[in-house]
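Have a look below at one chain only, the form predicted on its own, in structure tokens format.
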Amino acid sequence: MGAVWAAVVWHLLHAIASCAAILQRFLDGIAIATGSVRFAWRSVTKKPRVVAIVVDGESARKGRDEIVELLVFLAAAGIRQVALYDMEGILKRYGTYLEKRVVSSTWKRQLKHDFHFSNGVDPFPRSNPIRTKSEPRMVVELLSMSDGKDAIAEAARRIHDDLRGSSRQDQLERINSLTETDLNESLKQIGRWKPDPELMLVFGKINSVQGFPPWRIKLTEIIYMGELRRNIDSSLSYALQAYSGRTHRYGC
């Protein structure tokens, strides 16, 4: 009988803790989306190495100044790699413009960073002056819905080519034993592998990743930020603080 009561109490405590965590994330989302937060990113103890930013089409068309402000904040916060995504690929057309504006803004704020913008495969023409190797560097990858699919198809073709000449039985065994590691290795061999974001910030009227390559966000922490607006430093600080305070468990 005692064991039964112990199990009941354990499940009850687990349910309370789960509800509290869900409520906290809900309140975090409201605070971030409304901008009613005041946190300093300097107090963040754990920062993501790679951050994905998802913006809707309207923000990509009309909010480029806000996107520049967002990238400058992340650079100042010590983020070194950003995957900037919009479904239609609008931002890819303005890669050089964004780079010039980001570099100009960082120099005005006396943040001497080196920036490297690319369309996911090839870099944009360098518009920023030569930097020293000692300066912090941020890599900004501009992505759209079409990105990743070609890379996956090319990696699959490479795996297929490697199987040529093998017997039918060997081919079937190899195919059935393929893992995520095999695919990543194939992507690295063709120079198309990219690191998975640890944190994704979603901007727009709708909380949606809008077709961001799903194989890159298997373990990504996703935070909805509401509509893109000016002066969002406090919301970004709060998002980094929320990420820092969360425990990530990746299985036993």
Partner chain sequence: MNIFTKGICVHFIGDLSRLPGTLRLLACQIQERTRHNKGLKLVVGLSYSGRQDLVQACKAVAAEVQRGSVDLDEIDESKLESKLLTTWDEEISDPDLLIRTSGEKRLSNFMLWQLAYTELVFVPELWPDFGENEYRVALAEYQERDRRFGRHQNK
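So that the term is clear: the rigid core is the largest set of C-alpha atoms that superpose within 1.5 Å between two forms. As the structure is a prediction and not an experimental result, all values here were calculated from the model. Positions refer to the first chain, counted from 1.
One more form of this protein exists, namely the form predicted together with its partner chain; it is left out here, but the text below deals with it.
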**OP:** Identify whether its partner chain in the predicted complex is within 4.5 Å of every residue in the set I67, V139 and D147, based on non-hydrogen atoms.
**Re:** no
Original post:
Is there a heavy atom of Q189 lying 4.5 Å or less from a heavy atom of its partner chain in the predicted complex?
Top reply: no
Subject >> Proximity of M87 to its partner chain in the predicted complex, heavy atoms at 4.5 Å >> reply: yes
Subject >> Proximity of I217 to its partner chain in the predicted complex, heavy atoms at 4.5 Å >> reply: yes
Original post:
Is E185 close enough to its partner chain in the predicted complex to count, meaning some heavy atom within 4.5 Å?
Top reply: no
**OP:** Any residue of 162-176 with a heavy atom within 4.5 Å of its partner chain in the predicted complex counts; write them all down in order.
**Re:** R164, R168, Q171, L172, I175, N176
Original post:
Would the C-alpha of I90 be classed as shifted by 2 Å or more between this form and the one not shown after rigid-core alignment?
Top reply: no
Original post:
Does A76 show a Cα shift reaching 2 Å between this form and the one not shown after rigid-core superposition?
Top reply: no
**OP:** Take the rigid core as the frame of reference and indicate whether the C-alpha of K100 shifts by 2 Å or more between this form and the one not shown.
**Re:** no
